[in-house]
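Each of the two blocks below gives one form of the same protein chain as structure tokens; they are labelled structure 1 and structure 2.
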Structure 1
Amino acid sequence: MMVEVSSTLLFIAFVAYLVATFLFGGAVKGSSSKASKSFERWGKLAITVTIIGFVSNIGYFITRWIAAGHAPVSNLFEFTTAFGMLVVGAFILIYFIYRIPALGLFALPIAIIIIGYASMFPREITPLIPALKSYWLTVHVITAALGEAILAISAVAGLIYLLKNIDMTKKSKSRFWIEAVMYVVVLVLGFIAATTTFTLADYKVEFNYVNKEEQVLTMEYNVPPIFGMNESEAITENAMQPLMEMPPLVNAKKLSVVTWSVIFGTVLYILLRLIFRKRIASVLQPFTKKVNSQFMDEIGYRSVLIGFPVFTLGALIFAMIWAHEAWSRFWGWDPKEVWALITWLFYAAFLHLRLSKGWEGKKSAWLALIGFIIIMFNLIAVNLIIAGLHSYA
């Protein structure tokens, strides 16, 4: 019962964020001085819908917590969804300091994509394994995710800054890289599209394979196997034969999923380019026209300033306290830990470059984007590629 209520609330939040994105779009469009009354109305409406969505999202979180008996941050779906929710929370916080609708127009879609991405993972409630049974888990994960969410807002501000300030009419490195960022975002959509397609088609094939310890195991694919596991043999009748077999070190199933995401994403990207007849960055640029660059620059810096201490507390200090209770040492050089440290060092470098070397404006915006990439790498790639103590899925 509770579980269903919870799912419904998440769905409502998702829809609210979508609607709010369009409303913010309206607010941005109408923000010239003569239409400033209507702009205010759109903006008010947009932030109201966002807050309704956020409350519903928190409702999801609480009801799921009650149903599971533990904080819903214990598997990849739950953690990523919580992160998406907190990005919206961080956006609301920053919005009330600076009241810039363009921020919503870009922050909300990112939250939507994160939640959409999360929903591609198994959504059932998992019981806690012994290592995760600690209230420090709850405290650590929620604080760390909140810190990351606030830091993510600086990347949104950076993105807006760059979209506004890069000359799209002239060939340049900046123009290339900003489009590359757009392409990667579309690839995430590609992942969602591919996963949804094959799930709807109820695609399932099983293979036996030999792992690196030379044991025979079974692997279930939910996408057509482009790559096969080491010495794989189909169990399912009439299964598609993998085009290429991988050495035992490589998880060919995940590689197949990634490849399908790239295929779907690239097709989607090409379609978008054909429809708009422009780079994606150029399509978005007009929405940033009315934004004051210095405002964006300051929002970017401010969100790093707000997020950095929260991240330190959650991802390093609480993490160390928990690690000490669970694994007897406060630090173990586990990949996930190391990447949290790398993230932290990166933002420390960001702050120093800004304060002492005067890296403001474009440089600062690029750094904010790179920081977000590191956070997402830790969230996604370290879990999927480099398995460690923290690997959830």
Structure 2
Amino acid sequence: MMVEVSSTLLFIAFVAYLVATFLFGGAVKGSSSKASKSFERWGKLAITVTIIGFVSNIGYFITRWIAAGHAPVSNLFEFTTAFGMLVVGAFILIYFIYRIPALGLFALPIAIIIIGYASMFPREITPLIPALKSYWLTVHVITAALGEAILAISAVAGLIYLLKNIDMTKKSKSRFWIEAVMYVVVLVLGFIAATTTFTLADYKVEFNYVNKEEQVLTMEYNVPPIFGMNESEAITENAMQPLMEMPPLVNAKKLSVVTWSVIFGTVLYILLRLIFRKRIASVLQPFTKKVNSQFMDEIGYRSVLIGFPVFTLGALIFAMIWAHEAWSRFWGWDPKEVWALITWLFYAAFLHLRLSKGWEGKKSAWLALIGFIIIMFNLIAVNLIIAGLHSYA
């Protein structure tokens, strides 16, 4: 019963964020006219609906916690939905400081995509493995997710800044790379499309394979197996044979999912380009015309100032303490640990360049975007492809 309530609350939150996105679009449109009252009305309605969605999202988190008996951050579905919720929470806080509707118009779709991405993973509540039965699960993971969510707002501000200040009518490196960012976003939608398509088709095939401990195990694919596990042999009759075999370090099943996501995402991107007959960045640019660039630069910088120490605390310090308790060592060069360190070093360099070298404006905005791409690479590629001690996530 509690699980059903939890799922319903998450769905309500998702719908509320969708509605709020359109309302923020109305507020942005109103801000470009003389109808200031209309602008205020749309803005108030948009943030009200966003808060309703956020409260519903918190309700999902609490009811799921009660049903599971532990903080709902133990697998990809739970962690990613929590991450999306915290992105919305960080946005709400920033909105009440700056009152910029364009921030909601871009922040909420990112949260929607994150939650939509999460919904493609198994949603069943399963018992915690022994390594996760610790209060550090709650402390470490939630703090790390909160830090990443705050850093995500810096990327939103950076994206808005760049869309406003890049000349889309002239060929340039900036125009190329901002469109590349749009393409990456569409690839996440491609993951959702690919997963949904093969789920509806009820695609399932099984293979035996040999893992790095020389054990023979069984793997079930829910997408056509482009890549095969180490020494894989088909169990399902007439199953499509993998085009390439992967070493034990690589999860070939998840790599196949990523590859299908790229294929679906690329097709979707081409369709969008044909529909709009222009770059996606050019389609979005008009929504940023009335934005104050200085405010966007300030929001991006302050978000990193707040998010960086929170991320440091959760993703490194708390993680190392828990690692010592669980595995009797503070650091082990696990893929997730390495990418957490890379993320930390990147944002440390961001602050150094900002404070010492005066990297403001476009340079700062690009750094914020790159930082968020690193975070998402850790969330998507490292979790899905590379096997390690954090593979349960």
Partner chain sequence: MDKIVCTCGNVNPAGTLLCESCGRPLNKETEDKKLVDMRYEGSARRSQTYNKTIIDKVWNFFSSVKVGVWLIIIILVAASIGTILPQVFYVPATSEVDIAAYYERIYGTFGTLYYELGLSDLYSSWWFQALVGMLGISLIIASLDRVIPLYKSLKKQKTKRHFSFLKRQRIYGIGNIENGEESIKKAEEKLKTMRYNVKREGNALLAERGRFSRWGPYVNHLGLILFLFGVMLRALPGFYVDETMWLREGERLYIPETNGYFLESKEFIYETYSKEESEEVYGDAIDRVGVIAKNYQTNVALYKGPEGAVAGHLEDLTFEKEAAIQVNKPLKFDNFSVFQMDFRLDELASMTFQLQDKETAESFGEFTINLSDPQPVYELSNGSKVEILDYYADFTGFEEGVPQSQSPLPNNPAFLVKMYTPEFPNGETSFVMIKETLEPLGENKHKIAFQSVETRDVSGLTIRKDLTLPILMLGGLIFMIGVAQGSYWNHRRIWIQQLEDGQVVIAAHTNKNWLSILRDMDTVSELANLPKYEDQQDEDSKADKEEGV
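Quantities reported herein were computed from a predicted structural model and do not represent experimental measurements. Definition used throughout: the rigid core is the maximal C-alpha set that superposes within 1.5 Å between two forms. Counting starts at 1 and follows the sequence of structure 1.
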Checklist entry - Just one question: which structure is the form predicted in complex with the partner chain? => result 1
Item to check | Hinge rotation between structures 1 and 2 - smaller rigid part turning relative to the larger, in degrees | outcome: 14
Item to check | Per-residue C-alpha deviation between structures 1 and 2 [residue 217; rigid core superposition; Å] | outcome: 4.0
Next on the checklist: Given the rigid core as reference frame, how large is the C-alpha shift of residue 244 between structures 1 and 2? Answer in angstrom.
Outcome noted: 5.4
